[in-house]
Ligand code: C2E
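Take a look at this single chain in structure tokens; it is the form predicted on its own.
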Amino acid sequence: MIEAENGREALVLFQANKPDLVLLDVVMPEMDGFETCTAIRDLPEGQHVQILMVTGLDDSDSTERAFEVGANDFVAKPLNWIMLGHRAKYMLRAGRAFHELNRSERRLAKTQELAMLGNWDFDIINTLFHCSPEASRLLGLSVDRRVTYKDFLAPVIAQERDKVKQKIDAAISKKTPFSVNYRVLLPDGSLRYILNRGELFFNINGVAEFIVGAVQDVTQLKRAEEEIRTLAFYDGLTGLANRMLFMDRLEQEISYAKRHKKTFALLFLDLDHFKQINDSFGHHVGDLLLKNVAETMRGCLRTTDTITKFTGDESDSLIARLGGDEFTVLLTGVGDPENAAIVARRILHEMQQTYVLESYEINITTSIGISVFPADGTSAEVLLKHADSAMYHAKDTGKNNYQFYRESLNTAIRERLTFKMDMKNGLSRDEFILYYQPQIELSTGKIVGAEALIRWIHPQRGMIPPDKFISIAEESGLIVDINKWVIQAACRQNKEWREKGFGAIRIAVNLSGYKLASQNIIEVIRDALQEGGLEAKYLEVEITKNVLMQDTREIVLILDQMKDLSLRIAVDDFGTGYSSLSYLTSFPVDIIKIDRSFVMGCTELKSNLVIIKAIIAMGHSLGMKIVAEGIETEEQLELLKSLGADEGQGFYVSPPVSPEEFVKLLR
């Protein structure tokens, strides 16, 4: 036992000897017991020592202050030495327990730090949440303030946050443990993979009182898994998929395509004269060339006008190196096999660049074989075999080209490509022309407008109607130029008729709805009206239900902009397709054109008559004009007039005619 005469001496002796128990008299010279107790507690080694304060003061304020400054116990004089001894033993035992508890907590904290593990708990009844400092650090949260349950979920990346919350909520409702993996975004912008596991605790009545959980940083484990997967499924030289992964994905795609009746294509590539490059420059240069070729192929499939253009969806295509200089490409969702040919041509074009490797300038070409599911096979082995055969056929026909497995398909593809090229040239050579079909007011028979209908006067094939080339124009993107040409030609024609003294006449133009939102169509219309000196009320835009079924927000914006220009908007082919009636309340439509399929049978089929009556009544109730298409007999015309249709067109009035013939009708 060590004694000190005053508080200041007690501090010096405490630091020198680090006792397990300190007895302090409240009344001491220089520093009283309260000050000494506070000073001891401020020392690093004084945080957990047991302190018993002794005083002759008999008041509750002293007792309360003793505990406030950190005393563990308080006794009054005169002392009962026997009881003091027992109390000292108890305090020493409690001190050792506190010391062990502190060591355990520090060991646990260090263990959790080493294991990158943190804990949390949630009091379900009182809705109180607690998160350990290590858990806060793992999640990128501040350890200096209280973390709420909302804070705890905030770092989870947005697309996974609902999943995590639902997992925890489901565990509480079902009274079951849970385990969930997710990613968190740290303040420095890095991603961390987290494993969160939890379990409920219940009271004796089976009521869930709180849930305890642990979060662990499993980023290194995830990265190790990815490395193992890379070694197992990817080519070590190029980073492309290897044969094992490619065949697995091919089998999956076959199963998917069978279930959903989809078409996909398989490209088999072999570099031309690659062996000569290896023999001439060495295998090191050959390996560098293979890596560059792989990157070129990746660039071809990343280009926006390849796969994703065909499907409108995100592509799930795959490039693989089977071995040596053999590569394969799995093109999913190609629809028309011609789209596979577009990719093949791009690869052929991009591959012909000069690669500078180890100071050598090397040129390479490739031969490509294409097989198509299901026409060329319904199993992975057969599709690969047929693509391989087509590739050798490409080599036999001069290399640096592609071949489909079926020669007949090669011929069809070439014809289709020729047709596209003719169409592109036709636009620049003024081979297209607008014919005009008059629209009459049924009550008077007077011509009140004309529908402009495009025709292609092909130098070899003669006149080609739009149903033969519009779909191909949409696939190739030429439809943007065609839409623009139609609007400009219609406005120019209207100007010409006015100059001849016929006055302005309303012309309706059909606009293809293919990606209408990306065609800058409003600017095209505004420029055409200005160039033709035409008031917007004399230009009518006809759209089909397919346009209205696109992205509603984008289409509504475009149609609203058309209305701002004072254009009239007509819905063509009304009555056919899915939920046509709902469009009328969603879009700014002025005119409904009853589809010809109803008009042509209106005098024979009662069902057609019922539909026509309903369309007319509904359109008029919404303040819209009704135009009947496809009128072929006087009987049909009189019936539609009696039913209240406003205008009509069809072969009974006049077929579509050239601008010169239309002038005669006007006269």
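Just so we're clear, the structure is a prediction, and the values are computed from it rather than from any experiment. Numbers follow the displayed sequence, beginning with 1.
FYI, the form predicted together with the ligand isn't displayed, but the following is about it.
Engineer: So in the model of the complex, does any heavy atom of residue 656 sit within 4.5 Å of the ligand?
Structural biologist: So residue 656 counts as contacting the ligand.
Engineer: Flag residue 70 as yes or no: does it have a non-hydrogen atom within 4.5 angstroms of any non-hydrogen atom of the ligand in the model of the complex?
Structural biologist: Close contact is absent here: in the model of the complex, residue 70 is far from the ligand, nothing within 4.5 Å, heavy atoms only.
Engineer: Residue 596 versus the ligand, in the model of the complex: is there a non-hydrogen atom within 4.5 Å?
Structural biologist: The answer is yes: residue 596 has a heavy atom within 4.5 Å of the ligand.
Engineer: Does the 4.5 Å heavy atom contact test between residue 542 and the ligand in the model of the complex come out positive?
Structural biologist: Yes, residue 542 is a contact residue.
Engineer: Where, among 397-405, 446-454, 336-344, 323-331, do residues come within 4.5 Å of the ligand in the model of the complex by heavy atom distance?
Structural biologist: So the stretch in question is 446-454.
Engineer: Which residue among 238, 366, 437, 196 has a heavy atom within 4.5 angstroms of the ligand in the model of the complex?
Structural biologist: It is 437 that has a heavy atom within 4.5 Å of the partner.
Engineer: Since exactly one of 88, 558, 470, 180 fits, which has a heavy atom within 4.5 Å of the ligand in the model of the complex?
Structural biologist: Checking each option against the ligand in the model of the complex, the one that comes within 4.5 Å is 470.
Engineer: Between the ligand and 466, 486 and 511, in the model of the complex, does every residue show a non-hydrogen atom at 4.5 Å or closer?
Structural biologist: Affirmative, all three are within 4.5 Å.
Engineer: Just to make sure I understand: among 618-634, which residues lie within 4.5 Å of the ligand in the model of the complex, judging by heavy atoms?
Structural biologist: Going through 618-634 in order - heavy atoms within 4.5 Å of the ligand in the model of the complex - the hits are 629, 630, 631, 632.
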